[in-house]
Each structure stands twice: as structure tokens, then as C-alpha cells.
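As C-alpha cells, one chain now follows by itself in the form predicted alone.
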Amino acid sequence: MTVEAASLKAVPATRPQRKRSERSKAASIALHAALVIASLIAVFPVFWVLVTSFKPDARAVETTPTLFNESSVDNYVRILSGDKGDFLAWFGNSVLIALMTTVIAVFLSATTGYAASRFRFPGKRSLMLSFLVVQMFPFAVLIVPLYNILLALGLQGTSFGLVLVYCTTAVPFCTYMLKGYFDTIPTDIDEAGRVDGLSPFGVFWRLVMPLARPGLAVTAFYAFLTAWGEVAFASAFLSAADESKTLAVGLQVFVQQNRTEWGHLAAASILVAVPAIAVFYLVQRFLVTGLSSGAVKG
């Protein structure tokens, strides 16, 4: 036997090295099991609210809960027919306030974010810092000063006053998001538009805005949710009249001092969630792109 053959025979066979990105079969099973359990924990409360919405109030809370017990659509019929408050008026108020908040907040944050991304002006750093500081205050602390401001402006108890309050919450976050997204758009596009004779606003409106659709979708969705499901500001800044309430405030009629109408409350909660789900479905293809791009720079 030659020396070379002997040396090859002496080297033991080694197992193929697993790449760092590869997982073992046991680790993969454990990961998927954990994801399934986490998904069930997240989905189960929503599923149980849906099941409860079809039960009468007497069967909604039981010592031995059952999945289906005297289930029917009576709760939905009574809510939509107006037997349990003016639900359709609440729905109309919520849609109006949420849409106005979305339009105003997106327009203000888009123009402000574009100016902060493209131009240098005195107080730019202080402006962006003030947006960040505003986000640090809890909503409960802002109720009294905002109430006094709306009272001085004569907007207390009006829908437009509530829209302005929601914009104070939505605009700072949306501005930061859109500034980060505008930073990812090359400035060469702005220069090309100016060469073609467009004004600064024309460049923003005709060239930059179409390219920023994913970022606009994210901020619009956030602004819509800010106004759609909020309770504290709506309870404090709207009049006590039943026809001026929003959906989130109107749900309080099902929680009385001596008892809670769980079946009707669950049905109304499902109806409140439907528009938010619809808006999410419309913008969901832009959410990942908009969030990732807006988080790159800021």
C-alpha cells in the first residue's frame, strides 16, 4: 500500500456541516408548534366574541360555557333595527369622523414629511422633536387642555372638534413615517420635475405622491384606526346626545349599572370591527412595504 493511500485511509469520514440558516427537524417542529399555539391564543378571544354574539344575553355567560346554545341572529337584528340605541346614526358619525381624520391627517403629515425630507429651514429639528415629545404624553393627560382649547374655539361637542383632536394624535406619527419614506425616494426625481417646469408643489403632488403610495396607505390605515375605535376623547369631547355618539361610545349603552347585555355587546363589537377589517384588506398589500421603507431612515 502506498503512503498516499494509507494517509487517505487514516482520515475519518466527517459528517456534512449544517449551515447556520438550517434548523434541525426537532427545532422546526418546536417552532411550528409554538407558532400554532400563539396563533390559537390570539384568535380564540375573537372567535369567542363571535360565538357569543349569536347567543341571547342569558346564555352568553354560563358556568359551563357551550359553543352553541340557543344561537340566533336576534342580537344583530335588534341592534340594526334601533331597539338598542341608534346604531346606524353612531355608524354614520364614526365613518364621517374617521374619514375626515384620515384625509386631514394624511394631507398634513404628507406635506410636513416632504418638507422635512427635502428642505432645510430654521426650526426643522425642533419641529420634528416636538412631534416626538407629543407622542410621549398619555391621552388622559391631554383631555383637560384639549377640552379648554376646543371650548375657547367654540368647537366643544362638535364632530369637527373631535377630528382636530384625533389629528393631534395621528399627525406626529404619520409625519415621521412619511418622512422616512420620502427619504428613500431619490432627489433626482424632484430635480427632473423642476427642469420640466413643475413647481415645488407640482413635483410633490404629481411625482412624489404616486411613488409614496405604500407609505400613504400605512399612514391612512393608522389615522383611520386612531379615530375609529377611540373612546376616551369621543366621550369627553362629544355632546351627550344619543344621535351624536360614535360607535365606540355607543357601546356603553349595553353596559348598565346592574347588568351587562353580553350578547348585544358582542354583536355590536363584531359590527364595529367589520369596517376596520375592510380597510385593512384594501391596504394590506402596501403595509409591509410601507412600514419597512418608512423605518429605514427618519
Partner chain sequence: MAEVAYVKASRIFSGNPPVRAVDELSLDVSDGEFLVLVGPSGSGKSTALRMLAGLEDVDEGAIKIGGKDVTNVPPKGRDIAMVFQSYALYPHMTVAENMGFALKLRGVNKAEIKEKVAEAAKMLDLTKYLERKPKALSGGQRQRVAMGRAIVREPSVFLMDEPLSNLDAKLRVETRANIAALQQRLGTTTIYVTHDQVEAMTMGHRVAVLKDGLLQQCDTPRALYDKPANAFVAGFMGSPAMNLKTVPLTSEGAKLDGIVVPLERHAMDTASAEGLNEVTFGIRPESLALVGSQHHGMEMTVELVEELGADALVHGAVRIGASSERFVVRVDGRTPPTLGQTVKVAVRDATEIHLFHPESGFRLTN
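None of these values were measured; they are calculated from a predicted model. Residue numbers count along the first chain shown, from 1.
Keep in mind that the form predicted in complex with its partner chain is missing from the display, and what follows is about it.
Contact check for Ala192: a heavy atom falls within 4.5 Å of its partner chain in the model of the complex. Remark: Pro210 counts among the residues lining its partner chain in the model of the complex, judged by a heavy atom distance of 4.5 Å or less. Although the partner is absent from this view, Leu80 stays clear of its partner chain in the model of the complex, with no non-hydrogen atom inside 4.5 angstroms.
Proximity of Met100 to its partner chain in the model of the complex falls outside the 4.5 Å heavy atom cutoff.
Counting a residue when any of its non-hydrogen atoms is within 4.5 Å of its partner chain in the model of the complex, the hits in 195 to 215 run Val195, Asp196, Gly197, Leu198, Ser199, Arg206, Leu207, Pro210, Leu211.
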